[in-house]
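Before any questions on binding or motion, here is one chain by itself as structure tokens, the form predicted alone.
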Amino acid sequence: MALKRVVITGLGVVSPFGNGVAALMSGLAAGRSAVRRMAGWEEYVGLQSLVGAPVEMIDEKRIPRQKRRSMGRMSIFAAQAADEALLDAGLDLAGEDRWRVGCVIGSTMGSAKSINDAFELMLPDKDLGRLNSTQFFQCMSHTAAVNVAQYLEINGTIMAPAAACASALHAIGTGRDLIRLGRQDVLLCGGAEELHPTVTGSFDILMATSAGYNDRPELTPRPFDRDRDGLVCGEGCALVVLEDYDRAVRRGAKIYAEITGFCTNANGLHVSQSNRESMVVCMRQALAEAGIAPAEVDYINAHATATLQGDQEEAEAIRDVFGAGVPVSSLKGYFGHTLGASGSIELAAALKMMENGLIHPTLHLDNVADDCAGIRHVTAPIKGELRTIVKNGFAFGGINATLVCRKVAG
């Protein structure tokens, strides 16, 4: 059986810059930071990082209350992103076979706020009667995928990869396989995440967060920079519409790009530290599946979270595979690390860069760190045609993911 070609025909985003792809790209073009000092976080004893990149919730009541009751923040983000992605793709689900339409939406966990609220209600008296009937549906790990499926009333494959910061790329890679094999016609794929002090605290315990810029939040995080001191957590969701190439052409759809290569692997060495060798293998295998040489790549959207060890390992891995010829930037300086949503939010931005022929630089990269040198860092906008892009995503557990997207000729 010949495998189908898989293309991206729609984008939907909710980010710290606001609802919509346009808001995301406007924030990037303006060189703005969406990071702020978070009110009330000082109340958490021992929390060192007091900054984050939150989303302002808007228009959530457009979602019918009956369906919104089972949604935490991240599921609301996902429903809103799904609406935009379908509209962008020109798809009306009323005309689709809903058994052939599904969604694959990853996240680090369920709604962090809902989980926290559930425990605060139940403890210390251990009174389960205080929990409401829909709270579990906000807390479960596949909450975003399930709620989007219920919201859209679709009946196809519903999956929820949970691979921390690689979740969104896992979702897109999984969705690609489902369509390549002919098991689904249309899929909404990506990741969703929400910001909460307990989420930042989990990184804080590992000394991985930015704690030196609490009074200057607009200057952190600093991917690849000499003065980087850790990541800043953010929130949001991005979903891409996947369908097979022939179907997209038949209906006259706009095609952002074809997914030509994907690889995911694990370093098998350390649960929290990145590893250059396994990243190299991941990128090389994704390129091999795409059938292209490193020199054919026009842009690499790095994972680079501004942690000391993570940025160094990724920079070394990129240097080993691509040398110093391919432009590289990280977008986390603008809106923090959106964790399980980062792969899809940043991919959406990279696809718009491809469409616009413009690479946005790494924000706050004032002095390239010695341990991140040897690659072509983008420190100012670069104009030019982008035919092939690479998106990296690396996660706790030693999980690596690389996606290759190529502009479709004609």
Partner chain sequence: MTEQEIIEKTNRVFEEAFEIEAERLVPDAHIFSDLGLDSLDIVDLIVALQKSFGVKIRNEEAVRDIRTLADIYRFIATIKQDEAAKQG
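Positions refer to the first chain, counted from 1. Keep in mind the model is a prediction, meaning the values are calculated, not measured.
In what follows, reference is made to the form predicted in complex with its partner chain, a form of this protein that is not presented.
- By the criterion of a heavy atom within 4.5 Å, R130 is counted among the residues contacting its partner chain in the predicted complex.
- For K61, a non-hydrogen atom is located within 4.5 Å of its partner chain in the predicted complex, even though that partner is not displayed.
- The closest non-hydrogen atom of R69 lies within 4.5 Å of its partner chain in the predicted complex.
- Its partner chain is not drawn, but in the predicted complex it has a heavy atom within 4.5 Å of T134.
- None of 72-80, 328-336, 121-129, 98-106 except one has non-hydrogen atoms within 4.5 angstroms of its partner chain in the predicted complex; the exception is 121-129.
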